[in-house]
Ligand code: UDP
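Quick heads-up: it's one chain on its own, the form predicted alone, in structure tokens.
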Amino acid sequence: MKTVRKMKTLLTVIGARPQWIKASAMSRVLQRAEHGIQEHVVHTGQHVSQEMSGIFFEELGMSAPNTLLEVEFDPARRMGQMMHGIAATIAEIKPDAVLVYGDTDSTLAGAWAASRAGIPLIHMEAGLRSFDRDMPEEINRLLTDQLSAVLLCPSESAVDQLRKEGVYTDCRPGVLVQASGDLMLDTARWIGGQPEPTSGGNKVLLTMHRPSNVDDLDRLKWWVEAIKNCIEKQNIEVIFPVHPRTEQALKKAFGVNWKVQLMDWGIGIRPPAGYVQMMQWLKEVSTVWTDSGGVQKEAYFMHRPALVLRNSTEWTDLVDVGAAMLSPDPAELMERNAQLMARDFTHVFETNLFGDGRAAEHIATALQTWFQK
């Protein structure tokens, strides 16, 4: 008699833009039901606007989440509400494991809820470190990795980091650690995001939303002044899709006519963009300036060098191979941009840092084996 294996239930927690991109690749594979895993998706409500959430679900072919939480904007209250909502969903669904992505507050909320419920935790993008504990994301990464039973790393360097920290040792024999590749590469290739030669010129895609850059209005003004100077002196054209958080800060810094003012200075203001539009812009530009972890990788996937507008990056591999350069000081933006563009990128983007574009397949197979143990 043939044994029929019971489907395993995976509770997936998502809450912000990069997580839609990763989760969509995973969901496309799990929906085929070939690996004996069924998925229940919880949207924490961290990002719920059409610009930051809805359009990504539509473009990436994702089904509506099974559970949508309602949370407030205040970070502390929101964290508690997310933890409570995820814990309630775990109690209702009784999943076999909880899957969290990346390093957002939604990630840590899911990790805490799984730990308190005694449910195995799976962390996608384990082992990444910026080594900057002033960043909330770094704390989220460290804590989530410590709580996880399955650590899925985008690269071998992330696996090495877990070894250095003692997260991955013989003392934790039940922990699965695997360099599976990067799900964002899966989605980039699936959506048609193939690298193309740049059309030339000095067109730049700019994204900026980190609290460290936009919440301090004086620092935000310094960034805008530095961008304005680059436009004037380096003949740069800037495309700047403005994050809602950044828009609120720009209004405070430059008044209600902030958009007109920045456009007069040559900064090409755009509304928040969906994934397809971002891929198109990456094909058009020669360089990327960003403080987003996800956009750093998307630039690499499309063979575009990036200035990282931060003191540190969790994607240290990109800096190591020369595909990205840190540029934390607005006063040095022009010099750093000149240095980056003077580099020879002939072989930089030939490095295979993040797998073969089939990370979701590898991960589903690994989870199937792990569930059966």
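Residue numbers run from 1 along the displayed sequence. Worth saying up front: this structure is predicted, and the values here are computed from it rather than measured.
What follows is about the form predicted in complex with uridine-5'-diphosphate (UDP), which we do not show.
Distance criterion of 4.5 Å from any heavy atom to uridine-5'-diphosphate (UDP) in the predicted bound form singles out M278 from the list A226, V150, L262, M278. Among A273, I239, M79, I90, the residue placing a heavy atom within 4.5 Å of uridine-5'-diphosphate (UDP) in the predicted bound form is A273.
Only one segment in the set 92-100, 71-79, 231-239, 207-215 has any non-hydrogen atom within 4.5 angstroms of uridine-5'-diphosphate (UDP) in the predicted bound form, and it is 207-215. uridine-5'-diphosphate (UDP) in the predicted bound form is not approached by A359, whose heavy atoms all lie more than 4.5 angstroms from it.
Remark: S292 counts among the residues lining uridine-5'-diphosphate (UDP) in the predicted bound form, judged by a heavy atom distance of 4.5 Å or less. Using a 4.5 Å cutoff between non-hydrogen atoms, I21 counts as a contact of uridine-5'-diphosphate (UDP) in the predicted bound form. uridine-5'-diphosphate (UDP) is not drawn, but in the predicted bound form it has no heavy atom within 4.5 Å of D186. In the predicted bound form, just one residue of 297-336 lies within 4.5 Å of uridine-5'-diphosphate (UDP) by at least one heavy atom: E298.
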